[in-house]
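What follows is a single chain, given as C-alpha cells, in the form predicted on its own.
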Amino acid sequence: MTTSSVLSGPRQLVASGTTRHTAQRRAFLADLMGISPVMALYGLFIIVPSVFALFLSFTHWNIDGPIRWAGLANWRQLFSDPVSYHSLLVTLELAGLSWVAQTPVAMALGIFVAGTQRYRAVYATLYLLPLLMSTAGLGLMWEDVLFPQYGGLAWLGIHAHLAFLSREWLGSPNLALYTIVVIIAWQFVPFHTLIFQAGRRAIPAVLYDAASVDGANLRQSFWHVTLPQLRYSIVTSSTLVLVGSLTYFDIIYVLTQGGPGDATRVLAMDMYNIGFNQTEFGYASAIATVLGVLGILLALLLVRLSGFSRMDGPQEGSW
C-alpha cells in the first residue's frame, strides 16, 4: 500500500468535514438574512418601546417638563397602592373568565365548521362578522342593546315576558364584569374558532378510521383523538386569550370606563387614566411594565404546564 493511498482517507474526511461546516454556515447565514427584516421590525416596534417604558418607570415625566429620575418611587407607590392591587385582581379575574368563556365555545365551533358541508361555510362567515367590526362601534351597539329601560334586551324582556332581561347589566357591580366578559367573548370567539378549525382539519383521517375500527364512538373519538390532536391549537388559543385579556381597554372604556365604582377597573384602565388624564407617564410606564411581565409569565407558564415545548410533532399529543 502506497503512502498516498494511506493519506487519502484522512484527507477525504477533513475535506468532507470542511464542506459540511461550510454548508452549515451558509445555511445559517441564509436563515439570518431571511429573518433579519422581521427581527429589525420586532426590535423597532417591540424591544425599543419596551426598554423605553422600563426606563420611564424609574422617572417622573409629565410631557411639559424634563424627565427627572425618580428611582424606585413609582414602583413603591405601585406595590403599596390598594387601588392598583384591586385593579390587578380584576385584570386576572377578567383573564380567567375570558378563557373559560371563549375556549370551549371556540373549540366547539371550530370543530363544527371544520366539516365540508356547504351550510357550515355559511355559518363560519356569519361567525366572523363581529371580528370585522370596530371595538368602539361594538361598544356603542352593546350599550344600546343593554340599556335597562329602552334597550333591545329590555324590549325583548317586555314582549317575551322575561322580566330578568330588564336590569342594569352594566350598572350593577355584581354583573358588569361578567357582562364585559360575554361581550368580549362574542367579539373574539370567531378568531379562535379559525384556530381550532385549522387544527381540526389538520388531523389525519386515518386516526378516526383506526378509532372506528377499535369500536370508538363519537365521544370516545373526541377524547382520544380530536382533543389530543388539538393540543397545539389549545395552547396557541389559550395564550392569545390570557395575554390579550391583560390589555383589554377600549371596550371597557366605551361601556363602563372602569365602573360602576371600580368593578371593571383593570390595570390597562389605570394606565390610561394615570398617563393621559393625570399626565404621570413615569407611573403609567411602571404599570405598563407590570402588564408586559405578566403577559410573558402567563405565556411561559402555559407552555410549561402544557408540555408544548417538549412536543416534537402534532402526533405526540395522541393518547
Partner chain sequence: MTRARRRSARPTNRAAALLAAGLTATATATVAAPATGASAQSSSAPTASISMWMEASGTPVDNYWVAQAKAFDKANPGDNISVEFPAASAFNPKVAAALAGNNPPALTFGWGGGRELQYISSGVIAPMGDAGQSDAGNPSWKKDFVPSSLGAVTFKNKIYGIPVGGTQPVFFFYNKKTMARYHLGFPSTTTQLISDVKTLAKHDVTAIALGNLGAWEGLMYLEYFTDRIGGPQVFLNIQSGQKGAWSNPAIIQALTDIQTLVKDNAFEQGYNQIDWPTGFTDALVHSGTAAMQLMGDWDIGNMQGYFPGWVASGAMGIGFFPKVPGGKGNPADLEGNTTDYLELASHISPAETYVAEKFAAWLCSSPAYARFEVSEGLVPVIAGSAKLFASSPLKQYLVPIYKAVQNAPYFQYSWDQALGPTKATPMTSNLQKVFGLTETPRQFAQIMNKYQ
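Residue numbers count along the first chain shown, from 1. This is a predicted model, so every value here is computed, not measured.
One more form of this protein, predicted together with its partner chain, exists but is not displayed; see below.
*Asks:* Can you pick the one in Leu56, Leu255, Met271, Ala70 that has a heavy atom within 4.5 Å of its partner chain in the predicted bound form?
*Replies:* Answer to the contact question: Leu255.
*Asks:* Could you spot which one of Gly244, Gly115, Pro148, Gly96 gets a heavy atom to within 4.5 Å of its partner chain in the predicted bound form?
*Replies:* In short, Pro148.
*Asks:* Tell me, yes or no, whether Phe52 is in contact with its partner chain in the predicted bound form, where a contact means a heavy atom of each within 4.5 Å.
*Replies:* No, no contact at 4.5 Å.
*Asks:* At the 4.5 Å heavy atom threshold, is Pro204 in contact with its partner chain in the predicted bound form?
*Replies:* Taking the distances in the predicted bound form, the answer for Pro204 is no, it never comes within 4.5 Å of its partner chain.
*Asks:* Taking heavy atoms and a 4.5 Å cut-off, does Ser36 contact its partner chain in the predicted bound form?
*Replies:* Residue-level check for Ser36: no, no contact with its partner chain.
*Asks:* Against its partner chain in the predicted bound form, would Gly259 count as a contact residue? Criterion: heavy atoms within 4.5 Å.
*Replies:* So Gly259 counts as contacting its partner chain.
*Asks:* In terms of non-hydrogen atoms within 4.5 angstroms, which of the given stretches 230-238, 100-108, 169-177, 215-223 touches its partner chain in the predicted bound form?
*Replies:* Partner-contacting stretch among the options: 169-177.
*Asks:* Determine the residues of 191-208 with a heavy atom within 4.5 Å of its partner chain in the predicted bound form and present them in sequence order; the list may be empty.
*Replies:* Nothing in the stretch sits within 4.5 Å of the partner.
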